[in-house]
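Here you'll find one protein chain in two forms, each presented separately as structure tokens under the names structure 1 and structure 2.
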Structure 1
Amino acid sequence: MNIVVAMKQIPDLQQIRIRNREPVLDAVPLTLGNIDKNALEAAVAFKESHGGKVTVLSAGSEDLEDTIKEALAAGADEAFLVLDDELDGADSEAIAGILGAALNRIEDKDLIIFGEGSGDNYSGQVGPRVAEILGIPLVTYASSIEINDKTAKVVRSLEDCEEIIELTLPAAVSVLAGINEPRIPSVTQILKAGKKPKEILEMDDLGLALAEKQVITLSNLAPESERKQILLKSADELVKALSSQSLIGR
């Protein structure tokens, strides 16, 4: 069972500060998206039970070569990267085209797993676009995946029901965050991650040029919040203040 996991490098959301309702990204470290880590965990679990290998695929800036060590430490066997600083902030259409071209260079891929949405913009478009480029079936909103020889049985968790779908491999699946709990790599795994193989390509190697953005973000503002700035000296005063605003029952 050879599985490719598409992962995206994003700023660490826990360390982003807000100033004048705008995110401050200066000095914020880069990491891999949380749902992408769920996708990787699903792939590594399949490898442990069915054999094969896990290849992590990503496209991004030159910093990605260091960031991807997180995935290699968490169980991926190798990395396939497309690096170009111009890819920082590229939209879903551009990234899907690049991943699709890169996947055509990876042989013997049985299953491609995506996170349902990226940790930064959560558009949920890359998985479906890549599946269309490759001409393979896709199932989204997966909360469970079972592999049986050359088929996969996927449980889709929708708002009002669950669907069980069987599809023939090779195929693509995008998973929900609740599908598993990503493992925390040991110190030994982290040290070994840097020695695992990586294949690094540039846009020219794929015969691609970065297309003009089709979607432009005009602003990214945090919700407004008004602070009451009420000084409270005891728990009783806190209860009275909350009750007066009908925030707790009387």
Structure 2
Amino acid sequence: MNIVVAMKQIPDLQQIRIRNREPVLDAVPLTLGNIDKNALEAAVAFKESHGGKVTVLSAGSEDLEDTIKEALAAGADEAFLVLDDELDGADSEAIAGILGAALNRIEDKDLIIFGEGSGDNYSGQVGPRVAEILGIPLVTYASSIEINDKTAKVVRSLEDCEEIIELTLPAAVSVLAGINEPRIPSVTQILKAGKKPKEILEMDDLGLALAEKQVITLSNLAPESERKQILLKSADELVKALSSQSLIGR
């Protein structure tokens, strides 16, 4: 069983500061999206119990070569990377096209796992788009995956219901953040990660060129917030403060 996990490189959201409502991205370290780590964990856990191989697939800037070590340390066996400095922040359509082309190069693939949404963009488009490109069945928002020989049984968790869906492999799944708890790799695993195989391609190698952006960003600002941040000392003070604004005791 070979599983491919699609993971996106994003700025470490915890390290982004806001200055004059603008996000300061300068010198923010890069990492992999949180939910993508759940996707990887699902794949690695399956490999550990059933054998097989986990390939991590990612498209991004040159820094990806370094960032992807996180995935290799956390259990991926090899990486398939498409590098181009224009790729961080590219349209979902472009990314899906690249991932689709890359997946066509990866021979045995029984299952492709995506995150429900990328850490920064959280748009949830890339998985469904890739499924359409490859013409394979996809189940989104998985809260559990059970893989058998030629099929996978997936629980799809929606707002008001759960659907239990059976997929014929090869197929794709996008997972919810709650599906598992990603492991924290040990030092030796991190050291071994540097030596795991990486296949690195550029856009030319896939016969692709990056089209002009179709989603245009006019502004990207933190919402204005002017909270009072009054420090209180006791529950008593709180009740008084809220009563004085008639927020309680109505």
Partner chain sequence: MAGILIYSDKNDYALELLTAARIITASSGLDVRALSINNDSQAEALAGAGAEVCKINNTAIALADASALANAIKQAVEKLDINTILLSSNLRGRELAGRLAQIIGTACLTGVSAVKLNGDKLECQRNALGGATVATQYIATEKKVIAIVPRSFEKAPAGTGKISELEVDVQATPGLKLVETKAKSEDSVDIEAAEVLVAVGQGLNSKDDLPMVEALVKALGGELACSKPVATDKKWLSEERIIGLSGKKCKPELAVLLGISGQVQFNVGIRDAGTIVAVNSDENAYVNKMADYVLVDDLHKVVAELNKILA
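Just so you know, these numbers come straight off a predicted model, no measurement behind them. In this text, the rigid core denotes the largest set of C-alpha atoms whose superposition between the two forms falls within 1.5 Å. Residues are numbered by position in structure 1's sequence, first residue being 1.
Here, the chain labelled structure 2 is taken from the form predicted in complex with its partner chain. Superposing the rigid core and comparing between structures 1 and 2 gives a CA shift of 3.2 Å at Lys240.
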